[in-house]
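Before any questions on how it binds or moves, here is one chain, the form predicted on its own, in structure tokens.
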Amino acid sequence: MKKDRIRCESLRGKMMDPAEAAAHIQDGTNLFISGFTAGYPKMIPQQLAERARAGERFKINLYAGASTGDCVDGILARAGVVAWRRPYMSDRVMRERINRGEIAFKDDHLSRLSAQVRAGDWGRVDVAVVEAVAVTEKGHLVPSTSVGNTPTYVKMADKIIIEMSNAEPPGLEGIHDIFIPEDPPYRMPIPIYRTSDRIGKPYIEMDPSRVVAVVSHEEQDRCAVFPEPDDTSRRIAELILDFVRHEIQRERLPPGLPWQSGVGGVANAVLTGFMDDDFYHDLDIYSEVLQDAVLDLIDMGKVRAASGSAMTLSERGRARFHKELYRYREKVVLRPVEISNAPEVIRRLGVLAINTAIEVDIYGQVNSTHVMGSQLMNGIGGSGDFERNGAVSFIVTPSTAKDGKISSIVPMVSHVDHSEHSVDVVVTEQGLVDTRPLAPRQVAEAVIEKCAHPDYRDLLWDYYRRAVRERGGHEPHLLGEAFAFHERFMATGDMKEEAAESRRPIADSS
């Protein structure tokens, strides 16, 4: 360990091996870790899993910032040592344990977590394990490629274990902007008025006397690598960019609003779309996670500022980022998630928010987290923070899933994450519907006609028109049939065939 990594003298004597450090975590420990798709601990989880494999029986409650790598969620789920997990996960193995009821999971809006932890709503912060690239002379922590909830976890922890990452450059120091707002009733406005504004400190304030161990490692983040945009995601991106361009040209939106996009293929496609579009320049990105495409846009001179809580980069992107960190650091700022996702700031800046769905119903309700209403796929993450508060909120999904066997446009979603009140625009590769000027029945008719796949439109029209005739009301529904739709078609995969058989004239809904 180089001395320039740990510049606080009192902490140099606390270096130890991971097994010795992990001994501070015992049965019933509330373990709070850094990590927000990146920047999560690597060594301590491995030690906990080894103890379980050796026969030790214990359970911990695991709290992170958002998703982590397999070497946290995956390895701990397989070891059977997790009793509770909050707030967000997307690991396959942990998902299976949660759906079997072996791990308790509570989904949360990410912007709210830090304040809840400070209020004691999550119990004591027994141990915080956090990744860093340096500790300052006064004992303050310089995080790695994510901030997430780490500032609050460090502030509240009884014991702190630092994992010093030698895989990330010390030159990350200065890229972070750490600001913890006062808690109610003393909270003042968060003073961010432009994406590039810095309002805090370049490190996390930490009491070094509560650090019980420092370990070092050479492990890199193992971030999800998203494929190049396919035709579907490119078409969705094209529809969104055309819509925003049209709204600006008609002076219904001001130019220069910041963009947010969730992690994944469509998000990459939207960012990639900016590269070839001369209409978009001097972009501001105010988001949660920054991906490789942000580096491309910076290289093209199209980004004025990019703000997030983490960087999720491919291996190639990481090497490029490290090599020219001095240049990217001028454009990029990493903040705590309660700032990157702050409803107040999102609304003030007028963020254009793009997030994904598993399914969308004909009235604009969105399911982002559960399959068939029961099986958890992942957490809601920060999508609610942006969808509820963005200047324009987009929900995107391919019109079908499972090679066309399942319609992503349904009569009624099997689980609600975002209500129609939070969703402005629904987009599939088939088309786009701006729901803002429409009444619910108009929304339903437009979504069926423009967003549903042609193979499923007849079934959706049949359901909707019969609901209008038989039930009426503001948002007509045939409740039994709405859920039977999922059971009969989505579970069996024969919806496409039934849709082809049902192409028959239907009485006009008026």
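Because the structure is predicted, anything quoted here is derived from the model rather than measured. In case it trips you up, residue 1 is the first one in the sequence shown, and so on.
Separately, the form predicted in complex with another copy of the chain exists; it is not shown, and the next lines address it.
Is there any non-hydrogen atom of Leu349 lying within 4.5 Å of another copy of the chain in the predicted bound form?
Yes - in the predicted bound form, heavy atoms of Leu349 and another copy of the chain come within 4.5 Å of each other.
Is there a heavy atom of Val425 lying 4.5 Å or less from a heavy atom of another copy of the chain in the predicted bound form?
No, Val425 is distant from the partner.
Any non-hydrogen atom of Met300 within 4.5 angstroms of another copy of the chain in the predicted bound form
Residue-level check for Met300: no, no contact with another copy of the chain.
Any non-hydrogen atom of Gln375 within 4.5 angstroms of another copy of the chain in the predicted bound form:
Heavy-atom contact with another copy of the chain at 4.5 Å: present for Gln375.
4.5 Å heavy atom contact with another copy of the chain in the predicted bound form for all of Lys106, His415 and His474
Each of the three qualifies.
Tell me, which of Leu432, Ile75, Ile98, Val133 has a heavy atom within 4.5 angstroms of another copy of the chain in the predicted bound form?
Of Leu432, Ile75, Ile98, Val133, the residue with a heavy atom within 4.5 Å of another copy of the chain in the predicted bound form is Ile98.
So another copy of the chain isn't shown here. In the predicted bound form, which residue out of Arg441, Arg457, Arg51, Arg465 has a non-hydrogen atom within 4.5 Å of it?
Looking at the other structure, the residue within range turns out to be Arg441.
Going by heavy atoms within 4.5 Å, which of 205-213, 149-157, 233-241, 84-92 lines up against another copy of the chain in the predicted bound form?
Residues of 84-92 come within 4.5 Å of the partner.
If you look in the predicted bound form, which residues in 362-393 sit within 4.5 Å of another copy of the chain (heavy atoms)?
Gln365, His370, Met372, Gly373, Ser374, Gln375, Leu376, Ile380, Gly384, Asp385, Arg388, Asn389, Gly390, Ala391, in sequence order.
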